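To begin, one chain is listed below as structure tokens, in the form predicted alone.
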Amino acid sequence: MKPLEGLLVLEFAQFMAAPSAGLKLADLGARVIKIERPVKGEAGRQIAIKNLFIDGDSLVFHTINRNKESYAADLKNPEDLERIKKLIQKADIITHNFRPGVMEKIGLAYEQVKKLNPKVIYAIVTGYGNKGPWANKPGQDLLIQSLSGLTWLSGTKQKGPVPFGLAVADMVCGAHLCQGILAALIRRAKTQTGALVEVSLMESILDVQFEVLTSYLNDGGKLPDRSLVKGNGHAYLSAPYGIYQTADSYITLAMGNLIHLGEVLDVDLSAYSNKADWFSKRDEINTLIAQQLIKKETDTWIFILEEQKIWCSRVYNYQEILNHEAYKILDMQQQLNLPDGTQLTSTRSPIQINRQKLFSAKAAPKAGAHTVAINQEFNL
């Protein structure tokens, strides 16, 4: 039995952040019903990476909405809204990511829903919170990365801002929402009362940066100092931290004793015995290291460095890591059974419960696929 079996989640959410929280709840055993527009469903069904679609819906939608059901309802239609309110009375959790004011207009804001179901956990994702100059600004991942300072942490000093190549704000925000929901469920078990859980994309991505923001706030307000050397991995960490080119590929060096590293690499770093120099003179140190690492192949360096207990690794691309024995042992892939009889390969939940991995072959639903059955089950 999965931990959240028996819990009913109503997901009034689209795109990625809040639906990814629903995905995590579903993987843990909760029953997640997406409340969607009739026919077209939620807008995220048409948001695609590389224009990849499966059975009429984007591949992105399938990755975020597996293991869920879909209930079609026009929330502006009084009859549909009445059915939704009856369903809310049965729910344990409600999630939504509408702009501030939308749920209030249709009578489904927290204070209104609480009258229907005092024990409900009502969880909201916003872009920037409910107040302030950005309250109604689109909560889109790249915008959040750009507004939060995150894009000034990657790349070299000579480059402009560099965004992450994935929807990091959405994913982290979904994880934070899930954490808040689970905490509220524990509280409900003690008090028999529901709760309002709120997270925003902006707060989540600021939290991701807590390490460097704390450094900034306690270091005289000095901005992140990106290296001039390509491959440096952290604007606030000293040499040798970063990625270096070898004779045949790339190698990563993490934290460690610089002088010891120099001895192992046969690079004279004696002029940098003062640890303060490891950051202030990071660029010239990394250049010296790079000039040596380029002379031999990665496997040779890995053997030499690991023998001396120096933290290092090869740099893999997706093709290399997905074919590696270490990845295969993790058993991270699963097959989803699509409505047309074909299968879609995806990843599983990373969580294990009592050493049991959480797999599910249930693919994302077609819009409104479960409306009739849910009406009958709940007498709507």
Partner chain sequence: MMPLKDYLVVDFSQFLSGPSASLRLADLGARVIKIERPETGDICRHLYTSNVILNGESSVFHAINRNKESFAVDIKDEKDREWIWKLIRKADVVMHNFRPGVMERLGFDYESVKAQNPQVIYGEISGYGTDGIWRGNPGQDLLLQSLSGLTWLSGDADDGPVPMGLSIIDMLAGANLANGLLACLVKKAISGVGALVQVSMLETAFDFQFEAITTFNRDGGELPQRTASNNAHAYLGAPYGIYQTQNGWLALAMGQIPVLGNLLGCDALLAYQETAEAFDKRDEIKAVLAAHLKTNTTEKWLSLLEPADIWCADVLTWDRLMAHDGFKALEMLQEVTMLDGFSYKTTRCPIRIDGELLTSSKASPALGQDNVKIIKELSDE
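The model shown is predicted, which means the values in this text are computed figures rather than measured ones. Positions refer to the first chain, counted from 1.
Here the subject shifts to the form predicted together with the partner chain, a form of this protein not shown in this document.
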Within 4.5 Å of the partner chain in the predicted bound form, do L23, V168 and T252 each have at least one heavy atom?
yes
Tell me, please, which stretch of 81-89, 292-300, 257-265, 128-136 lies within 4.5 angstroms of the partner chain in the predicted bound form when heavy atoms are compared?
128-136
Of the options L269, A109, L75, L206, which one has a non-hydrogen atom that comes within 4.5 Å of the partner chain in the predicted bound form?
L206
Within 4.5 Å of the partner chain in the predicted bound form, heavy atoms considered, which of L305, L116, L288, V162?
V162
Flag P350 as yes or no: does it have a non-hydrogen atom within 4.5 angstroms of any non-hydrogen atom of the partner chain in the predicted bound form?
yes
Determine whether any heavy atom of R187 comes within 4.5 Å of a heavy atom of the partner chain in the predicted bound form, and answer yes or no.
yes
May I ask you to check whether W152 falls inside a 4.5 Å heavy atom distance of the partner chain in the predicted bound form?
yes
Heavy atoms within 4.5 Å of the partner chain in the predicted bound form: does Y216 have any?
yes
Out of 317-348, which residues reach within 4.5 Å of the partner chain in the predicted bound form, heavy atoms considered?
N317, Y318, Q319, I321, L322, H324, E325, A326, Y327, I329, L330, M332, Q333, L338, Q343, L344, T345, S346, T347, R348
